[in-house]
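What follows is one chain in structure tokens, specifically the form predicted on its own.
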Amino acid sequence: MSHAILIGESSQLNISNMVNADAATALASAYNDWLVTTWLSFDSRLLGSAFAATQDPIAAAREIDRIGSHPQIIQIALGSGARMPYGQRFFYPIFEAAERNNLAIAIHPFTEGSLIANPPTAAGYPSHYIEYHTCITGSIQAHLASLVFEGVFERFPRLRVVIVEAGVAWIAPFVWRMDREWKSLRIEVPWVKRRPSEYVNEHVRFTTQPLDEPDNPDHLVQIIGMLSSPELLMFSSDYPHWDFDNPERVLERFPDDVQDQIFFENAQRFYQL
């Protein structure tokens, strides 16, 4: 292993759902210092995801500038539970600071429904965790559409976004849908100068965990083949969670060259390692 990228638990990502923006900003800064002191100093192969409190984007940008110069910090982690989709201009200072510091933005689900965040599903609050966990891709899709259609990638042409732990089977049909809608409705968003799929291919990557598991494993290979390129996927283990993906098993049906891309080459290029 040459590198491992650390992403904090969703409980820490809930920083951005706190009512008190000042407390959230201070807690994000404290977490980032703890990450550097406790983990990144332990092994130079460990790379970190810093937190930013999105309630106050100006303060978040200052924190990104403060921590972003550390050579082992390579991205800013945001929870997908938010008061509005991330493409809206309220969040521009965060993206500007990330671009300025050459850091990716990682969006991680499972903070929906907490404190001031949006409900966990578009229909409201479910009764059981199994419903919540099944429907979690909805907010991720909303953020992705917002980033594309609000013109974030035109405004910040060097911005890189990683969608973490949201599955992969939905990606191709959702991107097809964005392309279709853009063809008929692009008069509404003239700043979106290219097909949405082109922005996704250039600026966005998705992690493999959790991989959807059809009864016929070959169907998963077909679903991955529907993506514009296997370059869109980067391996993630979700270790040490009980349902983590074992790298010795998770991609065993894929050709060796595709495994090499997903296991390390795509991340190596995307994070400029």
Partner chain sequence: MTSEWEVGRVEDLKPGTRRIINVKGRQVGVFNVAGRFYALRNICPHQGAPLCEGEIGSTLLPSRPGEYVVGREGEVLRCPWHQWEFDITSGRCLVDSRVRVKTFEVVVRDGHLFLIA
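Just so it is clear, the structure is predicted and the values come from calculations on it, not from any experiment. Positions refer to the first chain, counted from 1.
As for the form predicted together with its partner chain, it is not shown, yet the points below apply to it.
A heavy atom within 4.5 Å of its partner chain in the predicted bound form is found for one listed residue only; from 246, 69, 38, 229, this is 246.
Annotated contacts: 28, 34 and 65 are all free of its partner chain in the predicted bound form [non-hydrogen atom within 4.5 angstroms].
With the partner omitted here, the stretch from 54 to 62, 238 to 246, 220 to 228, 40 to 48 that lies within 4.5 Å of its partner chain by heavy atoms in the predicted bound form is 238 to 246.
Taking non-hydrogen atoms only, residue 250 approaches its partner chain to within 4.5 angstroms in the predicted bound form. Scanning 176 to 214 for heavy atoms within 4.5 Å of its partner chain in the predicted bound form gives just one residue, 213.
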